[in-house]
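Listed next as structure tokens is one chain, alone, in the form predicted alone.
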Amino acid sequence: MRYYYAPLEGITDATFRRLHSKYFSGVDKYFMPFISPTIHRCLTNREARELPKAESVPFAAVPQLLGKNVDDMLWAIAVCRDLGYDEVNINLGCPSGTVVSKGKGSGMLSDIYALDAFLEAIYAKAVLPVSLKTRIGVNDSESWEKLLEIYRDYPVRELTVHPRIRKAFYKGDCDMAAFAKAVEDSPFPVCYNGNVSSLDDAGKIAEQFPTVESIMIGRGLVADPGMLCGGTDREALKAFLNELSDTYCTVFESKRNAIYRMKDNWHYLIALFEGSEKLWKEMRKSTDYDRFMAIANEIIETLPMRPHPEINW
């Protein structure tokens, strides 16, 4: 089984990816949180930082693009090629209200004819192989089979399916019957994404769908960074988070901003520790960097760790 790290906006940035790969093994590909190209045909400073030359990245990484304008997307694909990447991923799954309101991400699934025309133009001129990440619909999954018919008309490098509708965001159970439809007779590899918080969960997916060879994990890997290498070791976790925090202080030029980013990580990571309610409450309120780090180290050093995180999906 191949394991991919899902892109989480505001969490799995370039710093996070580099340090996760340094301290924890098992990820076959890291997918970058999306870049959204515009008519200005230039990368912002943040995008340039998040999209370094491929040769400078010591692990397999895939840029993810978000957009609905064909020319803008083709320009971005060419940029990725020039930087040395050998694949791009197009995001058709982001459920964010601000993204969907612009007709991007999972918002593109609401007009299947426009989506078909978009993909036809992309695959006709893209200078790199293109993979897709999709949901199964917007407000319902009635158009899912039609969406699959459209995807199967194109040379999709790999189709990653998050089997929820946009309306569900990340709540509730995944629609495994819908995922099964994607696996049946698809001419390209299909990757599973959604509600994987342990290797046992991944094993159940592999058992149910023996032809599926890749699983993308997001929140589960943030909550349990060492999931894919036999479990999260306390000392490795402490070293990872300390270096991550220190690096954010430099990157953001602000200890306060570093705290905010680390709190986003701890929102998921706290699920790995038992009896963390009091310290987690104190951590959320903390605005002092040294105190925040002291609480983080106290959690890691003193609280019992669960075999796998208890995430309320």
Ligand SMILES: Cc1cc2nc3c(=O)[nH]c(=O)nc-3n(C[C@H](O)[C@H](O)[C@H](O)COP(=O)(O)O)c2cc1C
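Bear in mind that the values here come from a model prediction, so they are computed numbers and not experimental data. Start at 1 and count along the sequence shown; that's the residue number.
The same protein also exists as the form predicted in complex with the named molecule; that form is not shown, yet it is the one meant from here on.
Engineer: With the named molecule left out here, work out from 176-184, 238-246, 218-226, 139-147 which stretch has heavy atoms within 4.5 Å of it in the predicted complex.
Structural biologist: Looking at the other structure, the answer is 218-226.
Engineer: When the named molecule is placed as it is in the predicted complex, are L8, F34 and G194 each within 4.5 Å of it, taking any non-hydrogen atom of the residue?
Structural biologist: Every residue of the candidate spot has a heavy atom within 4.5 Å of the named molecule in the predicted complex.
Engineer: Does N91 reach the named molecule in the predicted complex if we count a contact as any heavy atom within 4.5 Å?
Structural biologist: Residue-level check for N91: yes, a contact with the named molecule.
Engineer: Considering only heavy atoms, tell me if R166 and the named molecule come within 4.5 Å of each other in the predicted complex.
Structural biologist: No, R166 stays farther than 4.5 Å from the named molecule in the predicted complex.
Engineer: Would S276 count as a contact of the named molecule in the predicted complex, using a 4.5 angstroms cut-off between non-hydrogen atoms?
Structural biologist: Residue-level check for S276: no, no contact with the named molecule.
Engineer: At the 4.5 Å heavy atom threshold, is Y123 in contact with the named molecule in the predicted complex?
Structural biologist: It does not: once the named molecule is placed as it appears in the predicted complex, Y123 has no heavy atom within 4.5 Å of it.
Engineer: Since the partner is left out here, which residues of 139-172 would have a heavy atom within 4.5 Å of the named molecule in the predicted complex?
Structural biologist: Read in sequence order, the residues that approach the named molecule (within 4.5 Å, in the predicted complex) are H162, Y170.
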